[in-house]
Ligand code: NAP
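Coming up is one lone chain in structure tokens, specifically the form predicted alone.
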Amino acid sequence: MSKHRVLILGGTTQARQLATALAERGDCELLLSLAGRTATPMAQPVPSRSGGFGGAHGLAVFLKAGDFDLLIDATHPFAARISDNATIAAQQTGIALFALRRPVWERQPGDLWTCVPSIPEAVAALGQNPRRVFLAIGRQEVSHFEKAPQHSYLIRSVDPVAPPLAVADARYLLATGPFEEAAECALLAENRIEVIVAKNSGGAATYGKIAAARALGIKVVIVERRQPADIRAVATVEDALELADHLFSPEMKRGV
């Protein structure tokens, strides 16, 4: 019996978990694709590749050349470009596609959130008065905050910010989640943080800072997700496995 060939667009904890679960079944040949933005990515549980495809057309060519049966978009919720390319490539090739997207964080009683649609608007939301800011948005877009040099910044990222932010007061913390609430409370208190800037990534691994801000009464500027592509999506690894089974069923393959 031939195995189902599956390409997973990854880079998230859920992508690793899904790849591991599919590999353990034994009926899939898997390839996990990473964007290549992390200098030292974690070891992966299945064969993997790193880097882009050359846009939607390049991804479509790759899918056809690899004779893939299923494309799963399990990228970071803010990786909008690759998600758009995946949608277009699936349409061009007729290959089945679904997304594994963790739900957004929802505002809870006690949260002091200012919600904005983009990083530039998060910069503006900090205001003119100097504040002690914790940037928890990764390293890709921190340069936007050079437009607000009056603030003091604590910047946490997996890889170093290069070049460093061109502001008078910026400190850097290299760390990889998950981050627990108690440790986040200690970090925020020790650094006398007045406001956090975070993306609404969802999931448990980085929620600690949100819970800590609520506990300490610290304001949070939340960058909301862009409206996702209109494709079938599931929220959990378990749901993804169930949907994959459905798509691999003889009835689906016959178009029933």
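One rule holds for the numbers: they count along the sequence shown, beginning at 1. The shown structure was predicted, so the numbers you read here are calculated from the model rather than taken from an experiment.
Omitted here: the form predicted in complex with this ligand. The next part is about that form.
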#### Entry: The single option of Leu100, Ile82, Ala90, Ala122 touching this ligand in the predicted complex, heavy atom within 4.5 Å
Ile82
### Query
Among the candidate residues Phe179, Tyr172, Phe78, Trp113, which is the single one with a non-hydrogen atom no more than 4.5 Å from this ligand in the predicted complex?
Phe78
### Message
this ligand is absent from this chain, but in the predicted complex, do Arg49, Gly54 and Gln140 each have a non-hydrogen atom within 4.5 Å of it?
### Response
yes
### Query
Which single stretch, out of 27 to 35, 186 to 194, 215 to 223, 60 to 68, brings residue heavy atoms within 4.5 Å of this ligand in the predicted complex?
27 to 35
### Task
Although this ligand is absent from this view, report whether Leu18 comes within 4.5 Å of it in the predicted complex, heavy atoms only.
no
### Query
Can you name the residues of 186 to 208 that have a heavy atom within 4.5 Å of this ligand in the predicted complex?
Lys199
